[in-house]
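First, one chain by itself in structure tokens, the form predicted on its own.
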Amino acid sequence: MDYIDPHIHMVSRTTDDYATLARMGCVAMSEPAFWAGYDRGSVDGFRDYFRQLTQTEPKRAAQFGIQHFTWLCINAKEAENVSLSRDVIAMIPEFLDAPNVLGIGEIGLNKNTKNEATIFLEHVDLAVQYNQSILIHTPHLEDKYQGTRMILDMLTGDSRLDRSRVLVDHVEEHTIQEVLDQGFWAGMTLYPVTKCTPERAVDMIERYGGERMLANSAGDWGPSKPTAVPDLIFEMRRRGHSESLIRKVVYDNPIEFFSKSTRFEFTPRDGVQTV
């Protein structure tokens, strides 16, 4: 089955991973900007990173028939450096006209600090100013519920936002319902240790029905599995779910959400372009 991974960090993966993903059915992906494993020291470091996301990775993916899209931001882990964060936010518009940019992301919170919240709101303002969709990171483990609540409060307090253009990612069983009830998209990240296993994700699909729900691998430089979305497909088939529901979660839903971005152009295998 063709599928789309809506959140994967291919800058951390080898070219062999692109080949494997193509063989498993991956036809498109989106790669949010994220933390590199260390705090970067200058805006030029981010400028080079954004060139990689908008120029290098699309070419690497295209070698294997995969269409590559991206999102731009400074990650919440680096938001404590408010001055650098503001320099990066001011620089982002240089790249917003690149053909594979879908919006601003993955913005969010890490430890739910005041500085993180300040930079989150300034990213949201940038997205509104430039008519961009938004992809949101929610915190890990013990900070998950409080951080998600803070993010939802900030989002719902901004009347300018179109909630159908916002994806709240890394949801778990205790956060997904409120995300969906508030009218946002919900992303389930399939990790081997933290976040959500394929089995838990299928449990949530069974409970909420698959509407406005996405599944991703977030494959990065830490413990992660870039082929986790096919694992979800296999688990749904094992439980007897219809091919139409599986396709909705792993293919139709990403296209519907991405289509809200002004520059999304997707050509499926049958050649009928989605704009």
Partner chain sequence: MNPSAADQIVTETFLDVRAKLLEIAATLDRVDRCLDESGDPLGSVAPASGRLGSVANDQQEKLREGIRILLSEGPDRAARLQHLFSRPYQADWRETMKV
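Numbering follows the first chain given and starts at 1. Keep in mind that what you see is a predicted model, and the values were worked out from it rather than measured.
The same protein also exists as the form predicted together with the partner chain; that form is not shown, yet it is the one meant from here on.
Participant: Considering the partner chain in the predicted complex, find the one stretch among 80-88, 94-102, 127-135, 172-180 with heavy atoms no farther than 4.5 Å from it.
Facilitator: Stretch with heavy atoms near the partner: 172-180.
Participant: Thinking of Gln146, Met150 and Arg238 as one candidate spot, does the partner chain come within 4.5 Å of a heavy atom in every one of them in the predicted complex?
Facilitator: Contact check passed for all of Gln146, Met150 and Arg238.
Participant: How about Arg51: is it within 4.5 Å of the partner chain in the predicted complex, going by heavy atoms?
Facilitator: So Arg51 does not count as contacting the partner chain.
Participant: With the partner left out of view, is Arg47 within 4.5 angstroms of the partner chain in the predicted complex by any non-hydrogen atom?
Facilitator: Flag for Arg47 set to no.
Participant: Please check if Lys114 has a heavy atom lying within 4.5 Å of any heavy atom of the partner chain in the predicted complex.
Facilitator: It does: once the partner chain is placed as it appears in the predicted complex, Lys114 has a heavy atom within 4.5 Å of it.
Participant: With the partner left out here, check for me: in the predicted complex, does some heavy atom of Lys59 sit within 4.5 Å of the partner chain?
Facilitator: Heavy-atom contact with the partner chain at 4.5 Å: absent for Lys59.
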